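Take a look at this single chain in structure tokens; it is the form predicted alone.
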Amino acid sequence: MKQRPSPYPYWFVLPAAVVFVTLFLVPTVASFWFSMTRWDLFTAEFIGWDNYRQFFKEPFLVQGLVNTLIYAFVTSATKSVLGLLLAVLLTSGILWQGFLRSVVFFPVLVSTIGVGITFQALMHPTKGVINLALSWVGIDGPSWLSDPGLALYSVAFIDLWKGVGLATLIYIAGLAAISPDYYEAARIDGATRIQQFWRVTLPLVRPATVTVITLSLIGGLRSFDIIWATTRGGPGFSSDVLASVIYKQYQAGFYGLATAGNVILFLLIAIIILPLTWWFSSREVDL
């Protein structure tokens, strides 16, 4: 007689399932519903797709969406490239290697608000250390955080300074996992250092690259704290991203419109990250 499977193992999954349903699934479904209503803390009126239509009609909301994409891809690309270069340098046996690793990783541990306030002072157009240093070599420094054409990229630079340490750490772990035998074989074949980097290091460190790009993209798409601490989305709406736009809509009492923005941000992350993850996975299989 066939023995019925015991439900005992599923009891171990139940606590995590309850937390997942309560803290993720229910709020997500509720967000989709409230994004199609005009609601406050006590009432909700169903209005269909009106919040979404309004979102894409407002120029500053669309600009926040475009800025989000620019910010995410700029920070992700620079963290990936600079993180890999720093990791190669910090695993090459240079002097004070351990100390330099700590220095590179230290900004990751610092409060984001503290970093924002610090860089507000450093990037001040007349009193900031950066522009004062530039003036010593005859360069008239720009208004980093108050110029509409520079504000978003200045904040992206601050994000890079704070986050590149984590990317470097991930790459260091990836480089440590590469067997020295590959480099020995490449040297025997006469490969130069540059050829070893392109033919050995870059392909074999791909899992770390996937991790860095994925984490950086997700962080960039949902970034809020560093932007709010430095520019609050200004000047005007030039450095607004979706998260800061959503926050401003909540502050103004447009809860339905803000919830629609949350849903758009959720879908944007899913539309970008899921195909990217699938593509990276298929490339791994080809290897």
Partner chain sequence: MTRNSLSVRQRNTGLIATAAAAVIFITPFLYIFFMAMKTKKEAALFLFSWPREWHFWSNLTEVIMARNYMLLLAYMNSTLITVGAVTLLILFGAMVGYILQRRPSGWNRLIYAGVLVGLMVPPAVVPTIWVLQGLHLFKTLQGMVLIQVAYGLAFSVLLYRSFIATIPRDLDEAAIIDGAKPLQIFVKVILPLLRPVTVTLIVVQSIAIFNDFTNPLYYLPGKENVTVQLTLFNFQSQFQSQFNLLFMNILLVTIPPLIVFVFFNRQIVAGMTAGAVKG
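All values derive from a computational prediction rather than experimental measurement. Numbering follows the first chain given and starts at 1. Here, rigid core means the biggest group of C-alpha atoms that superpose within 1.5 Å across both forms.
The form predicted together with the partner chain exists for this protein as well; it is not shown, and the discussion that follows is about that form.
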Worksheet, complete the sentence: Interface check vs the partner chain in the predicted complex: of 84, 145, 156, 169, the one with a heavy atom inside 4.5 Å is 169
Discussion item. Is residue 218 near the partner chain? Define near as a heavy atom within 4.5 Å, in the predicted complex.
Written reply: yes
Worksheet item: Any chance residue 27 has a heavy atom within 4.5 Å of the partner chain in the predicted complex?
Response: yes
Worksheet entry | Touches the partner chain in the predicted complex: residue 95 (any heavy atom, 4.5 Å) | yes
Discussion item. Taking any heavy atom pair closer than or equal to 4.5 Å as contact, tell me whether residue 38 reaches the partner chain in the predicted complex.
Written reply: no
Worksheet entry | Stretch in contact in the predicted complex with the partner chain, which is absent here, among 233-241, 46-54, 255-263, 62-70 (heavy atoms within 4.5 Å) | 255-263
Worksheet item: Using a 4.5 Å heavy atom cut-off, are 13, 107 and 224 all in contact with the partner chain in the predicted complex?
Response: yes
Fill in: in the predicted complex, residues of 128-145 near the partner chain [heavy atom within 4.5 Å]
129, 132
Discussion item. For a quick test of reading the superposition: does residue 274 move by 2 Å or more at the CA between the shown form and the other one, rigid core aligned?
Written reply: no
